[in-house]
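In structure tokens, one chain follows: the form predicted on its own.
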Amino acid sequence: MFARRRHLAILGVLAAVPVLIALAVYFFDGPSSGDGPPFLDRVTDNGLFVGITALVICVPLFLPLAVGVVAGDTIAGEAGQGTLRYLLLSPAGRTRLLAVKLAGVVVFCAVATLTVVAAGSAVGLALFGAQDVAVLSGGTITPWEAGGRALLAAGYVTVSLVGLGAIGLFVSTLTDVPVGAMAATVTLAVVSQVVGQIPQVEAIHPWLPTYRWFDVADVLRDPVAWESFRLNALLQAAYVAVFSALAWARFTTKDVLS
């Protein structure tokens, strides 16, 4: 997966986001309190906030786009290149191939979020240094604790993206055109966020895959609001279970050898 130039380019773009944020704040006047994306006004006080700010900025579009490209390419990409039939000639079987593809998507979700946090923390510490961090619930935590919270934020966003990855895997089994699967997956993520902003359909909001994406800020409370982690994990686990089953049902009955 990581041998593909397209996937490496995506990681490079994700790493560039926090670098651009840090350079913009460093060379120009920092934002006033409350201006701009969440936590941006805290970047000059502590470089560790660059990674968290970049993560929050990437959650609505950049990270879903990256996951949509990778997940949509899993099966449809192999079918489009004509390599799927050769993979299925091995004794591994379709179920194992599908499981490996899903595992690859999960790994990519983790690598993508860690790339944003690691690049942001590195450039932030280099430009602004590290101090005690003021948390949302009041009080402060040490820079070492703040580094741990940044990793927790990456873990939270990784879990948030896994459900979308399973959706992308299922969509990828429906077509032999990878671009179509990628576009459909990203579109579903955007539509879910739009629907989540419409109060008239508030009843279905808790069932949307993106419903708890922005609760990542709860990692900056003291103590950490673990309930957000639990509810988000349950929601994403349900999406993984449902769409993995649908992908298995579709892929194991799909005619790809004719």
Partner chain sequence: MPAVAARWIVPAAVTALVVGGGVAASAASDAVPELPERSAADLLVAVGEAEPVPFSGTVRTVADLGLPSLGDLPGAPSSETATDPMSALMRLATGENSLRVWVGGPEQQRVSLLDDFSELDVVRDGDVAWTYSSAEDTATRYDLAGFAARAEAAAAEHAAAHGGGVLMAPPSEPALPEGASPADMTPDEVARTLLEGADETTEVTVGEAQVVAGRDAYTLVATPRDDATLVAGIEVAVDAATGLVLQVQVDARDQEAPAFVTGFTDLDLTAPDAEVFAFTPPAGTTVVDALAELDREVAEAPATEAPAEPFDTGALEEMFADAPEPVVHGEGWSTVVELFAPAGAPSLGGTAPSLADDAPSADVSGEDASPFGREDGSDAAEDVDPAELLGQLTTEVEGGQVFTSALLTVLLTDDGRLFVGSVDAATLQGYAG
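Residue numbers count along the first chain shown, from 1. Because the structure is a prediction, the values reported are computed rather than measured.
Quick note: we don't show the form predicted in complex with its partner chain, though the next part is all about it.
This chain appears without its partner; in the predicted bound form, the one residue of 56, 69, 40, 208 with a heavy atom within 4.5 Å of its partner chain is 56. Checking 111, 102, 135, 123 against its partner chain in the predicted bound form, a heavy atom within 4.5 Å turns up for just one residue: 135. In the predicted bound form, none of the heavy atoms of residue 26 sits within 4.5 Å of a heavy atom of its partner chain. None of the heavy atoms of residue 19 is located within 4.5 Å of its partner chain in the predicted bound form.
Under a 4.5 angstroms non-hydrogen atom cutoff, its partner chain in the predicted bound form lacks residue 81 among its neighbouring residues. Proximity of residue 175 to its partner chain in the predicted bound form: non-hydrogen atoms within 4.5 Å are absent; the residue sits far from the partner.
Taking its partner chain as positioned in the predicted bound form, none of the residues of 57 to 71 brings a heavy atom within 4.5 Å of it.
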